[in-house]
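Only one chain is given next, in structure tokens, and it is the form predicted on its own.
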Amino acid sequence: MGAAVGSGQEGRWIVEEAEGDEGRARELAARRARGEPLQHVLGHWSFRTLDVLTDRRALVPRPETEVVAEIALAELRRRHPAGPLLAADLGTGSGVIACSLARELGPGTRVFATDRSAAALSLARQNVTRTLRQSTAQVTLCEGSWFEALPGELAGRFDLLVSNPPYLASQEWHRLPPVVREHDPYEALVAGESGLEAIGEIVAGAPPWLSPDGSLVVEIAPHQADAARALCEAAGFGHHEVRPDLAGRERVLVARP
């Protein structure tokens, strides 16, 4: 049976997911052999403390984004060790960052999760229910582009704005491996001709939404670090830095007023 579905850890995961159904195990193994991401084949994946649903409606959760969530959590804990917290996850996709913030910071945290993709929000809604259960009211899903989806009365009150936006340039799309290019949403990966379009919009638009001691945390590509710092200077942030991912690459922009 093991040889039929593949070897190593992936094969074991597939067998476990099939729960003893040999036909289903072979079907899942065949999908993986055709190049479908393992996360889609299994239908769910681990992200920090969560087990989240995964499919073509949003990006597959990646280790780099776990680092983004960790830094976002640290920013909230450092600035606000106790008391109610208000955060926004811009371009939430599958909802993994929003759910992690709500789950790990507890009932005093309220998170607004925005996305212009109705399909992505439907997946995020499933993950909110799946991971938060009785605490689903902590996360409010809002359809719309970046800050446009947030309630206007909350301007100047957010302790945290966090985002894993699209940051690929359009010419990079065709260089992606098929497992990414053929299964992750184009609009969740490609920002535009330069790759900085979404990052620029978020950085420029963030200051009016942040509280005086709030933080902006954004995932970027390593080669965009200098440009991201320049965008923060132009937006008037008093402090900004780029922190490394697990491989030591410049990956997470952190800015404060």
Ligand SMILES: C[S@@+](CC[C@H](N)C(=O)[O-])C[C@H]1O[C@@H](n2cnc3c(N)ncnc32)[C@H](O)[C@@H]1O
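Counting begins at 1, following the sequence as shown. Only a predicted model underlies this, so the values are computations on that prediction, with no experimental measurement involved.
This next part talks about the form predicted together with the named molecule, which is not shown.
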Taking 4.5 angstroms as the heavy atom distance cut-off, pick the stretch from 171 to 179, 130 to 138, 158 to 166, 100 to 108 that is near the named molecule in the predicted bound form. 158 to 166
Kindly confirm or deny that P61, G91 and S117 each have some heavy atom within 4.5 angstroms of the named molecule in the predicted bound form. yes
Can you work out which of L210, L42, A188, V67 has a heavy atom no more than 4.5 Å from the named molecule in the predicted bound form? A188
Heavy atom of F112 within 4.5 Å of the named molecule in the predicted bound form: no
V96 versus the named molecule, in the predicted bound form: is there a non-hydrogen atom within 4.5 Å? yes
Taking heavy atoms and a 4.5 Å cut-off, does P84 contact the named molecule in the predicted bound form? no
With a cut-off of 4.5 Å between heavy atoms, is S122 one of the residues that contacts the named molecule in the predicted bound form? no
For the stretch 118 to 146, I need every residue with any heavy atom inside 4.5 Å of the named molecule in the predicted bound form, listed N to C. A120, G144, S145, W146
